[in-house]
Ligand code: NOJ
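Below, in structure tokens: the form predicted alone, a single chain.
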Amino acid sequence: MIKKILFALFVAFIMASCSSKDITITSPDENVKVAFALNESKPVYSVKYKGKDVVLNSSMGFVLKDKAPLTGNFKITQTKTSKYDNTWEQVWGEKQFIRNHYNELQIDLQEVDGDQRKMSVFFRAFDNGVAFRYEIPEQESLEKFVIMDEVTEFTMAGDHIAWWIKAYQSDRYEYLFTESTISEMDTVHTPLTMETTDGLYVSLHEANLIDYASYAVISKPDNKLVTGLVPWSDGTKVKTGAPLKTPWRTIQIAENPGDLITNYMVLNLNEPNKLEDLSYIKPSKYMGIWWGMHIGKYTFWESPDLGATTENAKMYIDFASEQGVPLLLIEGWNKGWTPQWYMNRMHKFSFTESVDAFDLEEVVEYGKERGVNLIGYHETGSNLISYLDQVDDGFALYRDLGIHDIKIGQVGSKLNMKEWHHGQFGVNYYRTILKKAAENKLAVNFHEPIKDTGERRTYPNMMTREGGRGMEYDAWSDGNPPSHLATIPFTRLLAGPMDFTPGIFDIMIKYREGRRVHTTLAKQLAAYVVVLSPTQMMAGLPENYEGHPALKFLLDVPVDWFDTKVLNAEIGEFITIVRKDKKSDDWYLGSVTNEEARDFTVDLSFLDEGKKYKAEIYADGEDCDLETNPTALDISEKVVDTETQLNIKLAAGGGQAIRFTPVQ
């Protein structure tokens, strides 16, 4: 049962002039401490964890266009503190019930002279981090204004190790992570994860990003990290007016890296669910005529090898129906695809007209008769002028056909070949489409998206998204190294679910000479537990699944969870996660490693006390070798309980997947 909201406000009004005296607030467990002060009338803040410096005195405020900056000349007019403790239920996700527990500090500022403009800063201190945002109340002098820079700093307490991807690149977030000190960093995307010189783990990100630019992190001397708002094409950052609430800037803190993964601060900082009708939002696995296109078996465009034909669709539907897979994605069904569709130009697609070889209505009906629903697909090519002209008709078509899931792609280095995907223009575009999708009862999978900042809590039809380097890169590039899957849980996945598209059994790709997947088969299975996604793809070809004993795990493993725990973890090295099924008492384990073989023991204390469980183990085979024999797989069973010490042996680049089922 959801706990009753325990909400108690206690208000302390402090009238003060410009002062450098610290105003502090601590987390409920008193481990996290935030201090705010005016340093020569300029706002600064700092953060400590258990007495250790995490963020040293760091500047705050805004640089405005054609107006004086909001960075100084302030006095404190009032402060308020409050406490909040409540437990809420996710519609779907990695944990069904989430506690939202924090202490809040509000500081109201006003300029000493001039226009005497007002600004407030809100801090929330959680047991595992800090969030803060700015609010600018309604006032005549700031009715409309343009932000040129947000002067928000994170002055770190040391030259920490960081895992990052460079911002402002043509493929958005789809790059491998670099490990370096922050002094060696470029301008980078968030989440930005660091291991501090004090042995803590810190991740910078943001939450509740609405009608604002997302930010990249700019590395400056002396361990100073600065928010760099993603600009419009005209160089401005945010076009806005009072009243204004910025996104929350988040600083997640942990004593071990696995605790970053079970930190739900970003979700807690978003508004509760706004959707009344949740009937169409169904976490599910799906198949697709997708991997065949990426490996060259099929084409996206009309050709003798077109993937999106009625015949191919029925073949996939038959297989999905036999296996009980409820969804099928078909890309390339609509007119407009060419061999150059992905080039950076204003390519035009139709979102209502089928190609000659594909009968949309016939395929939809055929699928319904066999219990398989279609996932609609819209590839915009980042031509949003054309897409927004057609989107209402495209959504209406799917609604009328009874389609309730959609994948929407925005391939292109910039939206409309002009604006960054992650600037204010893109933020507003993605939110607009998400709301339209909800109006048409469509659950969304965004590719080439804006980064996740927790909006899935408010709009749970926001199921999953790409926003990172997924499995497709193994089809037509040098691929993802084994360390990639051991890195993204602590980086990209801290933002939210990812449509990573695992499940490839044909590791040495038959249709693409010289390309391969850089994992073992067991690691492909483990990815379904390690990578969170409520819409999880079984990306492989039906012919490779047919009759394979490993298929059972893909069909068994859920996508919606009651609880999540991390058993062991080291960023870029290895991770072992367990998740409990939301609809049963089963637990699932996924363990993956980088290029190094591992042999370790985990205890099973997460299982229910007094119960025996059957463990179905899918492990790298004794003769498994990443280069010469990556598909070697040992499948075994054993009875375990909370007292069991379970040995997990991983080949180089390998993994292990386990299902734990209570023994009757």
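Residues carry their position along the shown sequence, with the first being 1. Bear in mind the structure is a predicted one, so any value in this text is a computation, not a measurement.
Omitted here: the form predicted in complex with this ligand. The next part is about that form.
- Could you confirm whether residue 122 comes within 4.5 Å of this ligand in the predicted bound form, counting heavy atoms only? Close contact is absent here: in the predicted bound form, residue 122 is far from this ligand, nothing within 4.5 Å, heavy atoms only.
- Query: At the 4.5 Å heavy atom threshold, is residue 407 in contact with this ligand in the predicted bound form?
  - Reply: Taking the distances in the predicted bound form, the answer for residue 407 is yes, it comes within 4.5 Å of this ligand.
- Should residue 337 be classed as touching this ligand in the predicted bound form when contacts are defined as heavy atoms within 4.5 Å? It does: once this ligand is placed as it appears in the predicted bound form, residue 337 has a heavy atom within 4.5 Å of it.
- Message: Within 4.5 Å, heavy atoms only: does residue 472 come near this ligand in the predicted bound form?
- Response: Judged by the heavy-atom cut-off of 4.5 Å, residue 472 is in contact with this ligand in the predicted bound form.
- Message: Only one of 395 to 403, 548 to 556, 271 to 279, 287 to 295 has heavy atoms within 4.5 Å of this ligand in the predicted bound form; I'd like to know which.
- Response: This holds for exactly one stretch, 287 to 295.
- Complete contact of 331, 377 and 466 with this ligand in the predicted bound form (any heavy atom, 4.5 Å): Affirmative, all three are within 4.5 Å.
- Sort through 102, 387, 425, 300 and report the residue having a heavy atom within 4.5 Å of this ligand in the predicted bound form. After the contact test, the surviving option is 300.
- Just give me the single entry in 160, 518, 447, 347 that has a non-hydrogen atom within 4.5 angstroms of this ligand in the predicted bound form. Filtering the options by heavy-atom distance leaves 447.
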